[in-house]
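Next comes just one chain, in structure tokens: the form predicted on its own.
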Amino acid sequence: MDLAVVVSEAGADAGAGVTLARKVASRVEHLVIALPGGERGASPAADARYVVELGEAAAPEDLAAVVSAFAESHGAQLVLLAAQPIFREALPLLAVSLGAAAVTDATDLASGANGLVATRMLYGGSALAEVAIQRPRAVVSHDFGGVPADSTAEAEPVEPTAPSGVRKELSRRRLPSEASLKGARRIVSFGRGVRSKEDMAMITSLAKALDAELGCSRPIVEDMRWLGSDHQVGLTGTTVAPDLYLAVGISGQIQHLVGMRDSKVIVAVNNNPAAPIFEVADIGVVGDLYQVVPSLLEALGAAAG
């Protein structure tokens, strides 16, 4: 494949996306989208960078139009989009515009004997599927979290298309955030092993004692609704890479591991010795968290909440 275009939001780390695109394309270009209300800082990582700023009335179809025009003018065979809400919504529109195959939430890309092959998760991460892309072009979404790639290229502005007018934004407000997982040096996360909402207190105490942010797995947010989505670590949450990631009562399904496996030191506490979390852990403690966590708090000289 000759050319791939990586599309990310301004100010975001697109390093992993660029690295993935380089696996299958001889040349990679990076289109940075300055979204309404988002950061305007230059984004890292690409062989060539282009920046387009969408207006306040921009919608996913406007984003799709900009990316489609860019891909057409550059003759790109692959468009790799960041796995963010507006990009996810633009993906099918972009695929139709380009007459391209569409693959969501890819975890890997490879060049097969007959073309591009994408790996994606199925059934909530319990299975992986290899998808053979049988069209000359493909539009793929991928979680870009990871190590940034180096670039010395200067940003070149791209003229945005006029808003389509299909949608009209009535208002915009930022939801209050309880957690600041992105960029945190330490994170204490918990999962289904914590039996009740009241028992979260000891996990919160442990996070406080370690001066860490509080994270969790998907079921805590989506099934039990104990915490907001800003605490969720994983493919459908936040991708993190702290100095210390302490996972308490998390079995370690693939969608969670994808979001934290780049952490420098991973410590796992689980009563199941066969839990997948131990496959990525630097330190594993097989034991009852209701005994291990109080012992840790005692050793740290902290109260149990």
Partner chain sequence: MAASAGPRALLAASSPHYVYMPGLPGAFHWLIYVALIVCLVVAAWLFNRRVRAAGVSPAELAHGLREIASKGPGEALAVVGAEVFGQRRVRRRPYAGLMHLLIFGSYGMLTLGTVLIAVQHDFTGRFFGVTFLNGNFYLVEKALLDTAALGLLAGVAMAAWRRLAIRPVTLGARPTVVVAYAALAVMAATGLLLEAMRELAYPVSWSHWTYAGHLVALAITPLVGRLNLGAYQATWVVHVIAAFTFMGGALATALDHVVLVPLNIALQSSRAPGELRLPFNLAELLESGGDLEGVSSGFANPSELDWKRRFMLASCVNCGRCEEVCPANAAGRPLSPRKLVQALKGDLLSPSDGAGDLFARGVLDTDTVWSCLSCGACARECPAFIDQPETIVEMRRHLVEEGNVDEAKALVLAQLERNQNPLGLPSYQRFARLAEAGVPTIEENPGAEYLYWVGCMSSYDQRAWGVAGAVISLLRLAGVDFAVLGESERCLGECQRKLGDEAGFQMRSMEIAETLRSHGVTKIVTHCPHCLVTLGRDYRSLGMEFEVVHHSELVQSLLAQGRLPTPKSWEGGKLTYHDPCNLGRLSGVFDAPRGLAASVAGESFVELERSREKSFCCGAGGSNYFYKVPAQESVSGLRLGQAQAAGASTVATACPFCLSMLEDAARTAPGGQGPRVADLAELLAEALGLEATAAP
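Small disclaimer: the values here were computed from a predicted structure and weren't measured. Numbering follows the first chain given and starts at 1.
FYI, the form predicted together with the partner chain isn't displayed, but the following is about it.
Colleague: With the cut-off set at 4.5 Å between non-hydrogen atoms, does Ser229 touch the partner chain in the predicted complex?
Modeller: Ser229 belongs to the contact set for the partner chain.
Colleague: May I ask you to check whether Ala34 falls inside a 4.5 Å heavy atom distance of the partner chain in the predicted complex?
Modeller: No - in the predicted complex, heavy atoms of Ala34 and the partner chain never come within 4.5 Å of each other.
Colleague: Wondering, does Arg27 line up within 4.5 Å of the partner chain in the predicted complex on heavy atoms?
Modeller: No, no contact at 4.5 Å.
Colleague: Using a 4.5 angstroms cut-off on non-hydrogen atoms, would Ala106 count as touching the partner chain in the predicted complex?
Modeller: Answer no; every heavy atom of Ala106 is more than 4.5 Å from the partner chain in the predicted complex.
Colleague: Only one of Leu235, Ala82, Ala207, Leu181 has a non-hydrogen atom within 4.5 angstroms of the partner chain in the predicted complex; which is it?
Modeller: The residue from Leu235, Ala82, Ala207, Leu181 that makes the contact is Leu235.
Colleague: Counting only heavy atoms and a 4.5 Å cut-off, does the partner chain in the predicted complex sit next to every one of Arg218, Asp223 and Ile254?
Modeller: Spot residues vs the partner chain: full contact, yes.
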